[in-house]
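Given as structure tokens, the chain that follows is alone and in the form predicted alone.
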Amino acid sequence: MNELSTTLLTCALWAYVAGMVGALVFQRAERLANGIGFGLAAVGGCCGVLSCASALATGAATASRSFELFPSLIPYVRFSIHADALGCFFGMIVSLLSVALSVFSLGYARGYYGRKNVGVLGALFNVLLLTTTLVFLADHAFFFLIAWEIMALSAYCLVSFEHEHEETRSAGVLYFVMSHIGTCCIILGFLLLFQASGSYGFDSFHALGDKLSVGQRNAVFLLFLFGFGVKAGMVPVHIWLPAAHPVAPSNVSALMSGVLIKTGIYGMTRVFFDFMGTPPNWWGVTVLAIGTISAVLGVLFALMEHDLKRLLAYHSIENIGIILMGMGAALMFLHSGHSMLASLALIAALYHTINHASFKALLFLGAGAVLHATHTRNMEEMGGLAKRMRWTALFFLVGAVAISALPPLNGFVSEWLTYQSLLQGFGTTTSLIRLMFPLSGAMLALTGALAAACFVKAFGIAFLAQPRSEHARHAHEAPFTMLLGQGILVAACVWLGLFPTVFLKLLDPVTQQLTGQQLSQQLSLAGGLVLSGGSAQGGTVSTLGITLMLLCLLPVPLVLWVLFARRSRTRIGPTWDCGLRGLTPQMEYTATGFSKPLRMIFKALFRPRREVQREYDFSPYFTTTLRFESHVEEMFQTRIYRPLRWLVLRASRRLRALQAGSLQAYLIYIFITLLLLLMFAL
């Protein structure tokens, strides 16, 4: 990095530190703590965006060197950072979200005045931003793990912020346990890399895979895949994600979905592409298969949800799956020697990483504004919010269009690039493995269609029709700062969708570092107005052209009205109510009814069950009360984790006998452990 980028990055880190300290010092003055904590976080985010974006745009990230933040007195530990191209790209993501979420939080945190400690919330928020940034920039395994653990602990505290609720405490514990299971695997992976390199510095890990034996390479791959996969929320180690996201404060949910789970994606990219050299084919097949399964199951379970934030959490699993599909295809292309296609697939994965951070954070902020106004996450108790929260409804609609991969917004661009890489992958090999590419492409198309259906349900049930509760009936628009935070992310979604060829230039240093190729020129046609698939077999698309065409068509209805309907009489009357005395909220379509067809189609997966209770007056023809409940089975919890939990508890009860309270027994245990360690060392 050049001197200016380094200075801006240093300012960003110190701004987070100052925001943390200031929020704690002035925690008794709620307004001051709110302004200092989240205001300095926004300043740090601005500095981080300028630093990382300029380093990528000027190519300074390619020539950057590592440096120590402060000296260490501990052997084997160096607190050094290296703002290379990959670290700068992910640092840009966390900085962008830091700006939007901090501005949003200035208004959102007011809802906690008099109830919770806003200073602690702001301090922990800054700690999470600081440690996440350091995770992306760390250049030493020990420093990485220290930042990783502090990040996990601060996220646990933020998830458990409203700890007076039992649901919140349970979700926090689940996140804590799953996170540390993943951390154990990451530590073991780094120990294997240290055993081969003799150092914990990342500079000694580069292209280390060629020096490892086949068994060691495969062990490292599986350990890091599982360890980082837990944090990313891939299936089947995703169960913490739909539990933790709904109960956390909405600004924290947006940060966790937009950035925290991306630390898992960053870790996989760093290890698989930067450390391990040319991968065997089964690595890519495994990642591609896991990504495909995660995408399909994530969107299917999202369709069954009535909790708005839980629905968005399942969509995070879906989008992580889409990112892993691009990453898996890139690994397969590297194995077969197709570095250009590997770069295309990697670009698709990284582009979807920043796209998902933008539109998913936007949707969580919209859900937070709705929760702030209605005090409920249940979509069945919403309705009619578009008339009362017009700007929030508009911003949520933009996020819904983006996540549904509809043109011309950013979700369409990255999924289109993923399609291009998968379709071109079919001809790269003659083995049956090539069938993975069209199969994954078909599942990606199914995922996109189901995502669109899910957000038709989410937007329609929550924002349209009539209010279904008193809270929805008296809902009010969010404060200006909350709308401004959403507006920043709307601008990011629009810009990333309309000008993809401009953004692709920032990815050239990343692909040059990881695959040795730069593709921005090959992917840009007609002076940057058209996005190409990178080869003669690939397709082309212009999101800017689609937008201009739509804008040109907008005057057509106005012209038709002027020519044919200007003098016609307009009659305004009530909505047709089937001859009844008026429409009521009970007549509206429900979220349960909307998702029932898909629930029946995939009943083998969901195993739905329903309970209907009736109370009669005089005869069955005069029902006074009708109660209906519908449930779907959460397959992984019931089929995997609950039996596993039962086995762990049963084994623990049996191992309890070892704790006999005898000093002699404990000395024998220590002696046996030392013998085993000596045998292993020899």
Partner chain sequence: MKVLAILLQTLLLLALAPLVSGCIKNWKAKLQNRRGPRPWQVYFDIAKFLRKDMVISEHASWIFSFAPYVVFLTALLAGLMVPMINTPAPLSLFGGVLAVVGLLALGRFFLALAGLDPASAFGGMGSSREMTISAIAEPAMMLAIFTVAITAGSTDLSQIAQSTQSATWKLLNPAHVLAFAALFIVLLAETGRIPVDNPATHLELTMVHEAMLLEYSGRYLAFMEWGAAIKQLVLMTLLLNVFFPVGLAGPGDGAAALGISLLAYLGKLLALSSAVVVVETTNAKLRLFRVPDLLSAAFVLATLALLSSFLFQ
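Residue numbers count along the first chain shown, from 1. Just so it is clear, the structure is predicted and the values come from calculations on it, not from any experiment. Here, rigid core means the biggest group of C-alpha atoms that superpose within 1.5 Å across both forms.
Below, we turn to the form predicted in complex with the partner chain, even though it does not appear here.
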item	value
The partner chain contact in the predicted complex: Tyr589, any heavy atom under 4.5 Å	yes
Partner contact for Pro557 in the predicted complex: the partner chain, 4.5 angstroms, heavy atom	yes
Partner contact for Leu188 in the predicted complex: the partner chain, 4.5 angstroms, heavy atom	no
Non-hydrogen atom contact Arg169 with the partner chain in the predicted complex at 4.5 angstroms	no
Heavy atom within 4.5 Å of the partner chain in the predicted complex - residue from Gly337, Pro438, Pro236, Gly516	Pro438
Listed residue (Gly538, Gly487, Gly107, Gly277) with a non-hydrogen atom within 4.5 angstroms of the partner chain in the predicted complex	Gly538
Output flag, Phe176, Phe194 and Ser199 jointly within 4.5 Å of the partner chain in the predicted complex, heavy atom basis	no
Stretch in contact, per heavy atom within 4.5 angstroms of the partner chain in the predicted complex, of 76-84, 250-258, 562-570, 307-315	562-570
Residues within stretch 414-443 having a non-hydrogen atom within 4.5 Å of the partner chain in the predicted complex	Trp416, Tyr419, Gln420, Leu423, Phe426, Thr430, Ser431, Leu432, Arg434, Leu435, Pro438, Leu439, Gly441, Ala442, Met443
Rigid core superposed: Pro557 CA moves 2 Å or more between this form and the one not shown	yes
